[in-house]
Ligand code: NAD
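There is one chain below, alone, in structure tokens, taken in the form predicted alone.
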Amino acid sequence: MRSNTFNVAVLAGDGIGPEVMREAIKVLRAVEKKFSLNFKLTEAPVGWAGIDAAGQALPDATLALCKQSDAILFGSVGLPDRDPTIPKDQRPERAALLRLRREFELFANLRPVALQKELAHTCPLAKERQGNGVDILVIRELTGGLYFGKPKAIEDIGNGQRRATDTMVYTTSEIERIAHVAFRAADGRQKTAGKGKAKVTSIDKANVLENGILWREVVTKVGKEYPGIELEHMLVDNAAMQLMLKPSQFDVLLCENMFGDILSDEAAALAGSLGMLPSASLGATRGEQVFGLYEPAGGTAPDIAGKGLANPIAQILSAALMLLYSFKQPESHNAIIAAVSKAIAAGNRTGDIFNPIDDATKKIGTTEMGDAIAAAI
């Protein structure tokens, strides 16, 4: 019998991280009560908070806690205006977040992008281009490609010239494992949402890059194992255009690391605010559970930190993804999704999604939005 007790490392981080994390914990406590679950939530410093507490962006004790936990609920790290002299390999973005990805082999980043009908005004596209709505899952390979390939260097080559080298590298097995994640996700979306034929759109640059050729070959081979799912291949430049022209044509977007980084941010704009967008970075299976790191797609937003203005929905929805993927609790996941929808339908809006000409809505703060969602569980 599966245990209903789950150990979570809670790493709020910097900027608005602690504020939105408080609201996610509030919602998890409401879920805990309703579904008879037990969340052991242990908080630890990371980012500049880790540097202040222990001299490291990822303190040894924080890493040890993560290794003892079933999942990581992450806030955000990085304060660009603080101590720009610190070496880049010690900055929180690299020393904390990238290290966690490597340490736990978090190779699959899942970023769902959904535009609720009440928030259509926040989407930069005209209503006729929004079609029947935006509901896309971007799946990005997270530990390979241009960001991690070797050699990687900046070197002097004489005559006052310098040369920068980055290397894009992928192996068959790396492509296979992320492709399986995409096809399984498409199948799951079809079953849970009662959608029509599921589709995976695989993104590459096979007309120019050798990596793209291998990527397309391997994804095609894996796709044959999922005959019920449509597979299409699309060049990355065309995909960037199609996201703006007709986003409703996409279901699951499968991307290598750099292309996924770019396209997921572009797709994020379709939802109107980064404050609405969660993400899951998944690693290896531990028995019945998948270890993952769950974080909002946005950053630390230091300009609004401490003012009660941040939208906590992305952090709350990240917690919902944790319940779904790591803890296999679809009912509690669905309850959070429904609660967010209910809070928005009731007219609650943080500043980033507020429409001043809509008399049926009210502008509220971070805590009030968390309260509304928790009350709706």
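Just so it is clear, the model here is predicted, and its values are computed rather than measured. So that there is no doubt, residue numbering starts at 1 and follows the sequence shown.
Below, we turn to the form predicted together with nicotinamide-adenine-dinucleotide (NAD), even though it does not appear here.
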TODO: Work out which of the listed stretches, 260-268, 174-182, 91-99, 234-242, brings a heavy atom within 4.5 angstroms of nicotinamide-adenine-dinucleotide (NAD) in the model of the complex.
DONE: 91-99
Open item on the list: Is it the case that residue 115, even though its partner is missing from this view, gets within 4.5 Å of nicotinamide-adenine-dinucleotide (NAD) in the model of the complex, heavy atoms only?
Closed with: no
TODO: Using a 4.5 Å heavy atom cut-off, state whether residue 74 contacts nicotinamide-adenine-dinucleotide (NAD) in the model of the complex.
DONE: yes
- [ ] Would you please decide whether residue 125 lies within 4.5 angstroms of nicotinamide-adenine-dinucleotide (NAD) in the model of the complex, comparing each non-hydrogen atom pair?
- [x] no
Open item on the list: Please determine whether residue 108 contacts nicotinamide-adenine-dinucleotide (NAD) in the model of the complex, using a 4.5 Å cut-off between heavy atoms.
Closed with: no
- [ ] Identify, from the list 214, 119, 169, 274, the residue with a heavy atom within 4.5 Å of nicotinamide-adenine-dinucleotide (NAD) in the model of the complex.
- [x] 274
Task: The unique member of 49, 310, 58, 319 whose heavy atoms fall within 4.5 Å of nicotinamide-adenine-dinucleotide (NAD) in the model of the complex - done: 310
Task: Residues of stretch 300-315 in contact with nicotinamide-adenine-dinucleotide (NAD) in the model of the complex (4.5 Å, non-hydrogen atom) - done: 300, 301, 302, 303, 304, 310, 311
